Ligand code: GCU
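Before any questions on how it binds or moves, here is one chain, the form predicted on its own, in structure tokens.
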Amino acid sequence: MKKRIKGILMGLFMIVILASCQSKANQSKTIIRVGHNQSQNHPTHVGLLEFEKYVEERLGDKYDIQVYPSELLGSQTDMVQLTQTGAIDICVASNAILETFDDVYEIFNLPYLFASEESYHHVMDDEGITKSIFESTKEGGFVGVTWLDAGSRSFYTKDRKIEKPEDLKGLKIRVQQSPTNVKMMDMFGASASPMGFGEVYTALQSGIIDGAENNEMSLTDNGHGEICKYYSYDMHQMVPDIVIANYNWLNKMDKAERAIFDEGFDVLSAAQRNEWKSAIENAKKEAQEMGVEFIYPDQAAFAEVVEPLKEEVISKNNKLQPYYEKINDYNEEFPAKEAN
């Protein structure tokens, strides 16, 4: 708790410092602060810059959009809490963190939920599924405004190849700060180590953890491939990142201006997703040059181990069944492609 309060206070301190450095020329404009935890090379940052450009081209006389990458405003959890209070206006949050604010977000953290990338994208683009989920945290002070592609999550480790589920036994693996993810690691026989993304490199380097799970860009953009030399495509999750905004700020906005911000959120999502595929391809090439070995295990073996987790979570949370049924409809329409 003390660590979390310290993080929030540091985020607030950074906001005060950054605000004091603003040019007097901008004092007549409303500053919109946007925070995320990725680097300036990441598709998320590219998408946010397109959002900034779109809004400022239309409302630049009123708003100054300022994008802060690399956890400059605090960890993701800190930024979500700062967005709740209105200290910052917009941030990018992992779905796993949002699960702790409303358990309806558990649905997207379920392992092997989507049959294919096509199914995943169609589900996330379907407002009949996402709208009520995004609005579930309204009373908590923020709402989801769009989603970003975070690819698929797989295991990567320092010293042990993960070729079958049993290979995870006894390893300390960093997971996102989500109860569902902790349970998943328990079922694999590993020890879950929940922590903020910015802490992972040092934890790997110092031996606090043996590995982590994420997409390929974490190897290169965040340097984890300097330490972890085995990346195993078990692809246990396809989990979106969610762009959230302070609810009171959005709700009080003029309708015409709100329409432009909503269009900007669509521009953000489209730009980020367009950048994602090539970024992943480049990351894989770069990781191989770093000496990372990519492993392609039997995914069905991993899926079988954690299948009971889906049943357990859905049975305990009656909010999830209607969403699960709609997702399975898309899974039937867009099944996994057969390997060549």
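When you see a residue number, it is the position in the sequence shown, counting from 1. As the structure is a prediction and not an experimental result, all values here were calculated from the model.
Heads up, the form predicted in complex with this ligand isn't pictured, but that's what we're talking about next.
Proximity of D167 to this ligand in the model of the complex: non-hydrogen atoms within 4.5 Å are absent; the residue sits far from the partner. In the model of the complex, this ligand sits within 4.5 Å of a heavy atom belonging to D241. In the model of the complex, no heavy atom of H236 sits within 4.5 Å of this ligand. Using a 4.5 angstroms limit between non-hydrogen atoms, T180 is distant from this ligand in the model of the complex. The three marked residues, K161, S232 and Q288, fail to reach this ligand in the model of the complex, with no heavy atom of any inside 4.5 Å. Distance criterion of 4.5 Å from any heavy atom to this ligand in the model of the complex singles out S94 from the list S94, T146, T157, Q81. This chain lacks the partner; the member of Y120, F261, F197, W249 within 4.5 angstroms of this ligand in the model of the complex by a non-hydrogen atom is F197. Just one listed stretch, out of 109 to 117, 250 to 258, 135 to 143, 169 to 177, contacts this ligand in the model of the complex at the 4.5 Å heavy atom level, and that stretch is 169 to 177.
Of the residues in 199 to 234, those that come within 4.5 Å of this ligand in the model of the complex through at least one heavy atom are, in sequence order, N214, N215.
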